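First, one chain by itself: the form predicted on its own, in structure tokens.
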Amino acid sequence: MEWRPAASLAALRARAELYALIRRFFVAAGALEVETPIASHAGLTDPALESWRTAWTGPTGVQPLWLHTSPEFPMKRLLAAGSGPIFQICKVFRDGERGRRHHPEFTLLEWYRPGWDGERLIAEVANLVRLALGQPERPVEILSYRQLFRDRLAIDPLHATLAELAACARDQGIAGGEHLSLDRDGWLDLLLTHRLETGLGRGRLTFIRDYPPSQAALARLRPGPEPVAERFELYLEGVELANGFAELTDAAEQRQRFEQDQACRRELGLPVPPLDEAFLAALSAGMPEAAGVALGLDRLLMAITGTSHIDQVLAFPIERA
């Protein structure tokens, strides 16, 4: 087995410098650094993500635990307990993810701003990323999800039929698209990842906001004739860096979404983690209105160091762990 680190010493120093910069940024901004458990009695229900399962042998026997895919739930419990603005740099885990930009264990920066909306948080994300890149004048572009699809694919993602979405994928020359049978979000994700993402954030920071309601995840919905999820994503040089929300604080609606996810996982034959009842109790107790975001630090570090593979910024990737 190779014992040497995959990342250069320069990349390791760049990581340390990035963490120090982030901590200075948030201390100056009045946010508290926190630490929450990486293992929980509940797991993520999102059908698109897979948690790692482990176990704890305690006084009552063996209890299953789930490694978190994000520190979101315990951080929101801290918000409900009156923490005020908080941030965290931590390791997270997602099973089945490996590739040039993916690793099953990676580092997230996650932070929450009570009383803020998505627009204000987008501005802060842009300021932090430009500071980390050493490019304070890098332009910022903000597009709606609907505008992006209309302008670049000439299709309306909120109203197109499954047949129209499939035809768009075929017309765009997506290999094997004609053999796929996907739901609406499946087609939209295929078009986004295979035809739109690569052009986003070129020479700028591109934020995509106002996602379809079906892609709300943990975001609240903005009501109106055309309801949208108050969610945004940040792209830099064709790579997704961050995913943020104006946070859902309605415990009943959140439970309903979790239960729908569980039903979907059962239909797909996937493991069904238990609901995070402590998180739902925190919402019921009164989590303040807030905006929050998770930013992938390994991908940001790749941009800072000009590297093309995530292994080049990791000391010991999974194969060398």
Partner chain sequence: MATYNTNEFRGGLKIMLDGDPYTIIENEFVKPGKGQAFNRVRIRNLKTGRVVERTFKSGESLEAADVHDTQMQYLYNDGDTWHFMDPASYEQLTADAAAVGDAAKWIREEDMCQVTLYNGAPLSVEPPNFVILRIVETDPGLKGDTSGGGGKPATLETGAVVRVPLFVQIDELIKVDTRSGEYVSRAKEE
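Numbering follows the first chain given and starts at 1. Keep in mind the model is a prediction, meaning the values are calculated, not measured.
Although not depicted, the form predicted together with its partner chain is the subject of the following passage.
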{"property": "Its partner chain contact in the predicted bound form: F149, any heavy atom under 4.5 Å", "result": "no"}
{"property": "Distance check, E237 to its partner chain in the predicted bound form, heavy atom within 4.5 Å", "result": "no"}
{"property": "Its partner chain contact in the predicted bound form: N243, any heavy atom under 4.5 Å", "result": "yes"}
{"property": "Heavy atom of S181 within 4.5 Å of its partner chain in the predicted bound form", "result": "yes"}
{"property": "Site check H159, P227 and R257: each within 4.5 Å of its partner chain in the predicted bound form by heavy atom", "result": "no"}
{"property": "One residue of L153, L190, A132, A80 in contact with its partner chain, assessed in the predicted bound form (non-hydrogen atom, 4.5 angstroms)", "result": "L190"}
{"property": "Selected contact from E97, E119, E164, E141, since only one has a non-hydrogen atom within 4.5 angstroms of its partner chain in the predicted bound form", "result": "E97"}
{"property": "Contact segment among 133-141, 80-88, 246-254, 99-107, judged by heavy atoms lying within 4.5 Å of its partner chain in the predicted bound form", "result": "99-107"}
{"property": "In the predicted bound form, residues of 129-155 near its partner chain [heavy atom within 4.5 Å]", "result": "none"}
